[in-house]
Every structure is written in structure tokens, then in C-alpha cells.
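Here's a solo chain for you in C-alpha cells, the form predicted on its own.
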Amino acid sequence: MKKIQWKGGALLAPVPPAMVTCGSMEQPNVLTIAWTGIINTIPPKTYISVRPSRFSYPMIKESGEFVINLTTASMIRAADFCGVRSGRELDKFEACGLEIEEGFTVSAPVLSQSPVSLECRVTEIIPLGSHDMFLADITAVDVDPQYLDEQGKLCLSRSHLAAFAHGEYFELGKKIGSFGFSVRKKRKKHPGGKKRK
């Protein structure tokens, strides 16, 4: 069946319901942002898009720092709450039972419950309309050691990451492939049934 043109606007899914921490250890704030992603590998760069009306906006603009914290299924109620309530009204950390710890390279706090946190330093602010985009260098990647295997490989499948798609939250499910699997050559077997090393 041929597609029809739909009246939706900014629709791309799934996206991460990332919890962005900002401010300082003494005066922290957290907000949930779906408009984020990786924009460069070397050097590692990311972005977040924030409405100027948000309570966190001037904190990020003035400090030039923030932390993107990935969320898990067990964190999704807090992620939703932090996306619809303002730090002007209440302490969202206390309301959600969230804990923070110091980062390695930025003064913005890191969310302890997050399996992976990206410490970021703003390099440019781009006004886009409803949102301003904060382009940033990733200055450190903080990982909960429970998600590392014996060889130091990151096993995010253990963390039950959450995703956001068109107003709904989902828990990531089964693995269906890995990068490059579609072109990877299969190893040949010896006549005895053993693979060549």
C-alpha cells in the first residue's frame, strides 16, 4: 500500500529519553531530553536541544557543561517525571530518589543510577526556533562497572535501556544483529567439524 502524507511534524523514533544533569553538586538540576545524539566520532561530539524557557537552559548556557545520562527501564518513571516537572517548583532528585556523584571532567553532576553517562562541554549554541542546540565535546564517558564483562567490554544489553517513540516508552528487547553482521564472512570449518583459528 502506498504511503500517505501525515500531518505529524518532528517525528523520528526511537530516541533516548536521556536524563540530562546540569548545574553543580551543590545546586544540581535534571531534565529529560529526547532531542540528542552523536554527531561526530573524532573528536567525539554530541548535542542536546533545549527550549530557552526551560529552568535548566541558563544553567547550561552559563556553565557550558552538562551530562547526558542514559536511562533504563527501571528509571523510566523518574525520566518521565523529570521531563514534565520543573526544577523551579521542586527538587526532582529528592522527588524521584535520584542520586548524584561528581564527574571526572565537568562540574555538572553525574546521575548514579545511569549505566552510562557522557560528560559534555559546550562548544557552540545554535538558535533553531523552538529550541537552541548545544553542540558539545564529550570529555568523559562514565560507566557503571556492573555492565563490563571480564575483558572490559561494555554489555549494555544487561542494563535494559529505555527508548521513547511517539509519546510512549519502551524497554529495548532482544538482540537481532551486531554492527557489520550483514557483510561479515563466516569462518570455514575443517572437515572434522572444527573451525579454523
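The structure presented is a predicted model; accordingly, all values stated were derived computationally and were not measured. Residue numbers run from 1 along the displayed sequence.
Below, we turn to the form predicted together with a small molecule, even though it does not appear here.
You can rule out all but one of 152 to 160, 138 to 146, 42 to 50, 61 to 69: in the predicted bound form, only 42 to 50 has residues with a heavy atom within 4.5 Å of the small molecule. Each of 56, 131 and 164 places at least one heavy atom within 4.5 Å of the small molecule in the predicted bound form. Though the partner is left out of this view, residue 111 does not reach within 4.5 Å of the small molecule in the predicted bound form, counting heavy atoms only. Interface residue remark: residue 120 is not counted as part of the site for the small molecule in the predicted bound form, having no heavy atom within 4.5 Å. When the small molecule is considered in the predicted bound form, residue 86 lines it closely, a heavy atom lying within 4.5 Å. In the predicted bound form, the small molecule sits beyond 4.5 Å of every heavy atom of residue 170.
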